[in-house]
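Heads up, the chain below is alone and in the form predicted on its own; it's given as C-alpha cells.
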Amino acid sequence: MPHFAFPEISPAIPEMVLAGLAMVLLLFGAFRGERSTRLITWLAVAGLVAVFILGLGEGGPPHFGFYGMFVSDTFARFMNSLVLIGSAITILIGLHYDEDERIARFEFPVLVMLSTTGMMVMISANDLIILYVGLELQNLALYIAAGFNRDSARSSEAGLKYFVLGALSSGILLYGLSLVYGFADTTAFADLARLFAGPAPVSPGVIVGLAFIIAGFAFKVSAVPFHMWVPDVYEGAPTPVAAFFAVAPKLAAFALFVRVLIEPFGPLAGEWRQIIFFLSVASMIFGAVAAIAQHNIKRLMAYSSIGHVGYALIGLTAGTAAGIRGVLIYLAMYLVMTLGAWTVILCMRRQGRMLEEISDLSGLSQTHPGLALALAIFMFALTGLPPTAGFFAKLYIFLAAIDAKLIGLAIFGVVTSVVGAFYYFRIVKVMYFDEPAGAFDQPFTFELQSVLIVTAIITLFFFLLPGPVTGGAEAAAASLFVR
C-alpha cells in the first residue's frame, strides 16, 4: 500500500480562517436576509483585522506547506498585511455609500473576503498551479463586485468589460504557464529556478511562455498596453468597488508579479528586464499624459493608477534587493495615499446624489476646509512632493534604478512626475481658487472621517517614523533572494 502523507497546512492557516469566516457570513446572511448587511459588514471588517493580527504573529524562516506549493515568508506576510488593510478599509468606507445608493447587500463584504483570500493565496504561491488557483479565486469575486449595482447600466457594463477582458488575460497567462510547464517539465518555483540557473541553455519555448506570463500579469496590474479596462471599470463600478480595485487587487497582483520574476525566473533577468523596462516607460508616459484631459475624477484616478504602476515597475526592472525594497515601500505608500483620495471622493455627495466631476470640487476650501486640506495632501503626495510619503516612495525607487545603472529610466520617472503634477495641481487649484459650487451633504460619517485623518497624518508625517515600513520592506525583499 502506498504511504499517504497529509500535507503541512499550517502556513495557510490565515487563508483558511478567512475563507471559513467568509462561508460562515455567507450562510448567516442567507438565513437572516438583507437586514443583516450592517452586522455582516462589521463582522467582515473584524475578521480581516483578526487575520491581519494572526499574520503578524508569524515569523521566522520561510515555512512551506502543501508539499512545497505554498510558502509563508517575510515577503508574503508584508504584502498580505497591506492587502488585508486595504480590503478592511474599503469595506468600512463603502458601508454608508451602499446604503445611500440602496445597494447595501450582505454579499459585498463576503465577496471582498473571498477575493482577499485569493489574493493571499497568490502572494504565497510557490508553484505555478497554486498561482493560478489563487488568481482565479480573486477574479471570480471581482467580476461580480464590478457589476454589483445591477440596476445601473454603467455598473453592469463595467462588470461585463472586466469579465471579458479578465477572462482573456487569464487565458493568456494560463497559456504562458502551460508553455513553461511543457518545456521545463515542472511547476515548482524552486525547481524552475535551479533549471534556469543551470548550465543547459534555456528553451525558446520557455522564453515565449514567460512573455505570455508577463502579459497576463501586466493586465492584472493595469500596465500599458494592457490597461484598457481600467478607466471604464473605475468609472462604471460603484465607488467603493472602484476604491477596492485601486488598492488590494493591484497590490496582490504586483506582489505575485515580483515573486514570479525574482524567484523562478530570476536567472532569466536578462530576458525579462527589457519587457518590464518597456512596460514601465509606457505606463509612466501614458498615465501622465492621458489624465490631463479628464474631467471625471474617477477616470483621473484610473489613469493616475496606471502611471503609478509604471513607477513601481522601475524597481522591478532593477531586479535587485534594493529595487524590490523600493517597490514594496512604494506600494505601501500608494495604499495609504490612494485610500485617502478615494475616501474624499466618497464624501462628494450633494442633495443625495453622488458627484464625480472635478468641477464639483470648486471652492471646497471655503465650504469644507478640512476635506480640501486632506485632498490637497493626497494630491501633493501622489505628485511626489516633499515632505509627503509620495516623495520618499519615489526616492527609494529612483535610487534603486540609479544603483542598477538604469539612469535613463529614473530620468523618465522624474520627467513624467513633473508632467503628472499638472492634473494633480489642477484639483488643488479648483478647490482653493475657484468659486464654491455648493456644500456637500453633511454630516460625513465617522468611518470616513477616521480614515481621512489617519491616512492624511501618515501621508504627511511618514518621514518622522519610516522605520516600520522601510525595515519591513527591506526584510521582505531580502527574503526573495535567500533561497
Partner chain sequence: MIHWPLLSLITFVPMIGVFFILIARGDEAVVVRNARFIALWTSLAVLALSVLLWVYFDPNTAAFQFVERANWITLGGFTISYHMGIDGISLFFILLSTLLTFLSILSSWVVIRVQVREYMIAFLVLETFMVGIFCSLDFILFYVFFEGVLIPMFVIIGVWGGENRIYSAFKFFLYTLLGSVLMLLAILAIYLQTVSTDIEFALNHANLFSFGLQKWLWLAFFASFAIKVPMWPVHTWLPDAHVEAPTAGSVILAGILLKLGGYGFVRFSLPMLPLASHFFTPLIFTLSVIAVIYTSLVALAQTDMKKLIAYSSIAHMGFVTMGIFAVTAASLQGAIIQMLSHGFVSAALFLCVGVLYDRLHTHEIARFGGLVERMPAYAFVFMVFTLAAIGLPGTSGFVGEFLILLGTFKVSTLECVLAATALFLAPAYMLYLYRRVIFGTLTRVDLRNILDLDLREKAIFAPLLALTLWMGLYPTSFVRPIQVSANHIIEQVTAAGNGTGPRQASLQ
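Residue numbers count along the first chain shown, from 1. Values in this document were obtained by computation on a predicted structure and should not be read as measured data.
What comes next is about the form predicted together with the partner chain, which is not displayed.
For the options L54, V415, L39, A46, the residue carrying a heavy atom within 4.5 angstroms of the partner chain in the predicted complex is V415. The contact residue chosen from G171, G205, P387, P267 relative to the partner chain in the predicted complex is P387, the criterion being a non-hydrogen atom within 4.5 angstroms. If you check the partner chain in the predicted complex, you find no heavy atom from any of F64, A167 and T239 within 4.5 Å. Contact annotation: the partner chain lies within 4.5 Å of heavy atoms from the stretch 422-430 in the predicted complex, the single such stretch among 28-36, 440-448, 64-72, 422-430.
In the predicted complex, no heavy atom of E271 sits within 4.5 Å of the partner chain. Contact annotation: Y143 falls outside 4.5 Å of the partner chain in the predicted complex, judged by heavy atom distances.
The closest non-hydrogen atom of I402 lies within 4.5 Å of the partner chain in the predicted complex. None of the heavy atoms of L313 is located within 4.5 Å of the partner chain in the predicted complex.
Along 326-346, a non-hydrogen atom within 4.5 Å of the partner chain in the predicted complex is carried only by I329.
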